[in-house]
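Only one chain comes next, encoded as structure tokens, the form predicted on its own.
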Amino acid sequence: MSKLIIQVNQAGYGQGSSYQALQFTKAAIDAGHQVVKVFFYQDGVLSTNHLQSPASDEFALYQAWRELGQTHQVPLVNCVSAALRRGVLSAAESAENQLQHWNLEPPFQMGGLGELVTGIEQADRVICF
């Protein structure tokens, strides 16, 4: 079985790429592949904002990614530069920037492009959405 990295480049709502990435990741895990990590890049970091509040009859993409990460122990890594530009902050970045609020909670974590490169070295394939 293959080792995969999933890279999510588009926002969760308004475009279907993050949802498609989630479904692909679930299918890959069910098929026995190892997902080394999911890397959220560019507008993909918007999928990790825990303040998202979809209507009760809409699919909760943030919650689905969170459950996948926790259930299958898949690291969910945000590109820190892309996240900060788009207002997605962890508690650490919030403190560094002297802000009182943050919107990134575990299991999501911040990382740099080095995390992506390290993951690529471990993986057989990178799948981009």
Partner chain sequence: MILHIVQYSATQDNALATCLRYIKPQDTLLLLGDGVNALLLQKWQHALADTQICLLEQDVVARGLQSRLGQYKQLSQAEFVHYTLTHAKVITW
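Positions refer to the first chain, counted from 1. Keep in mind that what you see is a predicted model, and the values were worked out from it rather than measured.
The discussion below concerns the form predicted together with the partner chain, not included here.
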Task: Segment assignment from 66-74, 47-55, 26-34, 90-98: heavy atom within 4.5 Å of the partner chain in the predicted complex - done: 26-34
Open item on the list: Residue-level question: is Gln109 within 4.5 Å of the partner chain in the predicted complex, judged on heavy atoms?
Closed with: no
Task: Non-hydrogen atom contact Gln15 with the partner chain in the predicted complex at 4.5 angstroms - done: yes
Open item on the list: Does any part of Gln122 reach within 4.5 Å of the partner chain in the predicted complex? Heavy atoms only, please.
Closed with: no
- [ ] Report yes if any heavy atom of Thr118 sits within 4.5 Å of a heavy atom of the partner chain in the predicted complex; otherwise report no.
- [x] no
Open item on the list: Within 4.5 Å of the partner chain in the predicted complex, counting any non-hydrogen atom, which residues from 100-129 show up?
Closed with: Arg125, Val126, Ile127, Cys128, Phe129
